[in-house]
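Before any questions on how it binds or moves, here is one chain, the form predicted alone, in structure tokens.
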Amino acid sequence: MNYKTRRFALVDIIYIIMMIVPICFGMFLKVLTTPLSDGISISGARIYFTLPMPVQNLLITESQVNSAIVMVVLLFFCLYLTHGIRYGVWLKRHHFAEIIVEMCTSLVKNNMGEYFKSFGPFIASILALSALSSLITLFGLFPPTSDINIIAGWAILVFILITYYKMKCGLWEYAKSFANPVLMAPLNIIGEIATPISMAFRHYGNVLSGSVISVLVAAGLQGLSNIVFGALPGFLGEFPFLQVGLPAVLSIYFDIFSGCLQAFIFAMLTMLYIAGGFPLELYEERKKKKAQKCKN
């Protein structure tokens, strides 16, 4: 093994370690800050510390820390997938990266059109960030997607993009779109304001409800196991037999399937709202008129 090969392998190892270390840090921080308690506990994100601010204090919560962990993991995962491409090295993971790019590009073109083909990286980021934010609950970490503040931030960003593309034909055209028809103007305005709210609550509610149901079922099975097997001698009477298996199955559905499904739905709504609100034909006509004026 020559120097370049050893160096390439060393960089790969560093990337893999940097994907593991943030998750281990989050697990260690959770164990360190979680108080001992009896029974079940369903609560929001834990507040780690508070930064004093002029208007309102800034709370550093479990959601923010875990979101940062997710972003660091995704960063080094992307670096690992693409490591070596610029040097002409072609590995199996590079084929996997190519498949991801092609799938995201195809998804954007099919749902948004050719004009928005550059949105591929943005949609891929939404999918990856949302999915991994839900999946980290498999490591015992609080999922940021169970915090309405995190999802509301994503929804507001998407709403800004929706409004930006709706206003590309001018402020007057954007204002006229609410009066089509005139009698529906109040409902159209309410519907516009409700867009980020509905996106945020749909994603947040589905993820949070899954976590709550999993905890309640696990607690119920523990109580039922004590009733059914409590008469057994020794540790057998205390062992939660009924908790073995079913909570894991529920975790597969709520944490993996439902989490990934909600990520896909959020990305689809993002594409449909942005592309559906952009008057492409009107924009092209406006560009042609401007070009003609410049020539004259």
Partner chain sequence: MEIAISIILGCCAVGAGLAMIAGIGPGIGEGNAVAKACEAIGRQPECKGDVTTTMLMGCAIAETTGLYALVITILLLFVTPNMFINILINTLG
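Just so you know, these numbers come straight off a predicted model, no measurement behind them. Numbering follows the first chain given and starts at 1.
Keep in mind that the form predicted in complex with its partner chain is missing from the display, and what follows is about it.
**Request:** Choose one stretch from 26-34, 60-68, 47-55, 263-271: the one whose residues place a heavy atom within 4.5 angstroms of its partner chain in the predicted bound form.
**Result:** Heavy-atom contact with the partner occurs in 263-271.
**Asked** Which residue, 186, 205, 140, 170, has a heavy atom that falls within 4.5 Å of its partner chain in the predicted bound form?
**Response** It is 205.
**Asked** Among 106, 163, 198, 82, which has any heavy atom within 4.5 Å of its partner chain in the predicted bound form?
**Response** Exactly one listed residue reaches within 4.5 Å, namely 198.
**Asked** Should residue 209 be classed as touching its partner chain in the predicted bound form when contacts are defined as heavy atoms within 4.5 Å?
**Response** Because a heavy atom of residue 209 falls inside 4.5 Å of its partner chain in the predicted bound form, the answer is yes.
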